[in-house]
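Consider the single chain below, provided in structure tokens and representing the form predicted alone.
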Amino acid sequence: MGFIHGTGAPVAFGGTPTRSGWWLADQVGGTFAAMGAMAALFAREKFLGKGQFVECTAAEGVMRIIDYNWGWHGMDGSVRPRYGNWDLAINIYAVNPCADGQIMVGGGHDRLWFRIWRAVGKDRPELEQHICEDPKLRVVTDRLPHYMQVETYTTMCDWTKDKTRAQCEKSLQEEEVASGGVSFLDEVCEFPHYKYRGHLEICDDTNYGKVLIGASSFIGMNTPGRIKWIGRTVGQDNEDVYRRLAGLDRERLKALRKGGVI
């Protein structure tokens, strides 16, 4: 569906597409299917008066999240190329190396751009001067060509490479720049904010016992999200579906099972 083509290093760097680090299509496809089911239920209750068939595939779900690939192709028929950890539409918007890992820094408009270099300049004034005095880097659109991006990130990494993620993040956030260290999973598990908001949970599942999971992705004031189980075996809910929802009695259900229908 075009997603994988956009991942990985540019062709000019000898790069080829890389798979997603996790099973993105399953998650996105399931989410859009749930949205379709909710829309059908709403329509049934509000104006249709009856249910409907809802179809959603993983591929079609992912097609909805490849952002401006569509606009890019629609303008002149070209295909948006891979660009690795950089972005073709924003500079700065990338993962940068630090002394203890990586940090993501976002500076999509001019105010943020100059705040970034103000943070850098507190430690390395010569780097701030080098960037801010370059007339080819003054305007957002002028900063997008490849060699302007190389100039930017080379200079940025000269600052980040000797500092820890926390040091970089502190300096940048003092200037109100969107940034954050790339966290390892054990760091996410121990992050106080996520613990406080209840986004990490030990689910005591009927089939699998106690399993560490990411909890509900939303917090509703009156209807908070919850995780009831992490997966069901085939047929585990048959009796509930056929008896409570479909209205079959025990004898009818038994006959269907005996006949191999269920």
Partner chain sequence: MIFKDSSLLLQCPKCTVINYLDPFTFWNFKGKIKCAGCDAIWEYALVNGHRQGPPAEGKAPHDRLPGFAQTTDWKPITTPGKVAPAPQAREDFQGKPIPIAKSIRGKVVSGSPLKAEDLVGSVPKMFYTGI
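Numbering follows the first chain given and starts at 1. Because the structure is a prediction, the values reported are computed rather than measured.
The protein also exists as the form predicted together with the partner chain; that form is not presented, and the subsequent description refers to it.
With the partner absent here, would Gly231, Asp240 and Leu256 each sit within 4.5 Å of the partner chain in the model of the complex, counting heavy atoms only? No, the whole trio is out of contact, none within 4.5 Å by any heavy atom.
Distance check, Asn96 to the partner chain in the model of the complex, heavy atom within 4.5 Å: So Asn96 counts as contacting the partner chain.
May I ask you to check whether Glu151 falls inside a 4.5 Å heavy atom distance of the partner chain in the model of the complex? Because a heavy atom of Glu151 falls inside 4.5 Å of the partner chain in the model of the complex, the answer is yes.
Taking 4.5 angstroms as the cut-off for heavy atoms, does Ala12 touch the partner chain in the model of the complex? Yes - in the model of the complex, heavy atoms of Ala12 and the partner chain come within 4.5 Å of each other.
Would Thr164 count as a contact of the partner chain in the model of the complex, using a 4.5 angstroms cut-off between non-hydrogen atoms? Outside the cut-off, so no.
Residues within 4.5 Å of the partner chain in the model of the complex, restricted to 74-88 and counted by heavy atom: Going through 74-88 in order - heavy atoms within 4.5 Å of the partner chain in the model of the complex - the hits are Gly74, Met75, Asp76, Gly77, Ser78, Val79, Pro81, Arg82, Tyr83, Gly84, Asn85, Trp86.
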